[in-house]
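In structure tokens, the next block holds one chain alone, the form predicted alone.
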């Protein structure tokens, strides 16, 4: 099987109509930091602490896996992916999103020191579709800690730090059907590009 990535809706429709299986629809979103209403720093939820990201890639990988429940729209995307290798590469700046920006990136831990959430902000290189401003390749909160304001706290910190650093935009990608999109839109993120990921039999 081959995975085909396209940003063309007509091509995506043709690929599906001719036997391809739609694996993911993702929206690239961005917020204009010069006009957005960036939230003031909030209080950290009781029993948690927020700190610099650090290099605990294995602990973060395990927490990220725990944050993605089987019913989540992105659960199947990670099937067969070595999460520990992925996070080691991301934190080392070896992924496609570029090097980690440590000021806007943050890690949340519980009283026992376990990772319960994180936001990673990187320097995404300029391209034909992106301005070269910061990008959020990963933001998550472990399911047991939802609805405590931690996601808003992490995202707000990333926005404030990037704005204070002189950056105009901040971007991220969210899958269609991911409820986190509601949070992003509330913080001023708007979609600007769609990606279809389609699986189909490889040509012989």
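Numbering follows the first chain given and starts at 1. Worth saying up front: this structure is predicted, and the values here are computed from it rather than measured.
The same protein has a further form, the form predicted in complex with a small molecule, not shown here; the description that follows concerns it.
> Are all three of 67, 140 and 149 close to the small molecule in the model of the complex, meaning a heavy atom of each within 4.5 Å?
Looking in the model of the complex, the three residues 67, 140 and 149 all sit within 4.5 Å of the small molecule (heavy atoms).
> Does residue 30 make contact with the small molecule in the model of the complex, using a 4.5 Å heavy atom cut-off?
The answer is no: residue 30 has no heavy atom within 4.5 Å of the small molecule.
> So in the model of the complex, does residue 174 come within 4.5 Å of the small molecule, heavy atom to heavy atom?
Yes, residue 174 sits close enough to the small molecule in the model of the complex that at least one of its heavy atoms falls within 4.5 Å.
> Indicate whether residue 186 is a 4.5 Å heavy atom neighbour of the small molecule in the model of the complex.
Yes.
> I'd like to check something about residue 163: if you look in the model of the complex, is any of its heavy atoms closer than or equal to 4.5 Å to a heavy atom of the small molecule?
Heavy-atom contact with the small molecule at 4.5 Å: absent for residue 163.
> Give me the residue from 123, 88, 102, 72 that has a heavy atom within 4.5 Å of the small molecule in the model of the complex.
Contact check passes for 72.
> I need the one stretch from 52 to 60, 34 to 42, 163 to 171, 132 to 140 whose residues put non-hydrogen atoms within 4.5 angstroms of the small molecule in the model of the complex.
Contact criterion met by 132 to 140 only.
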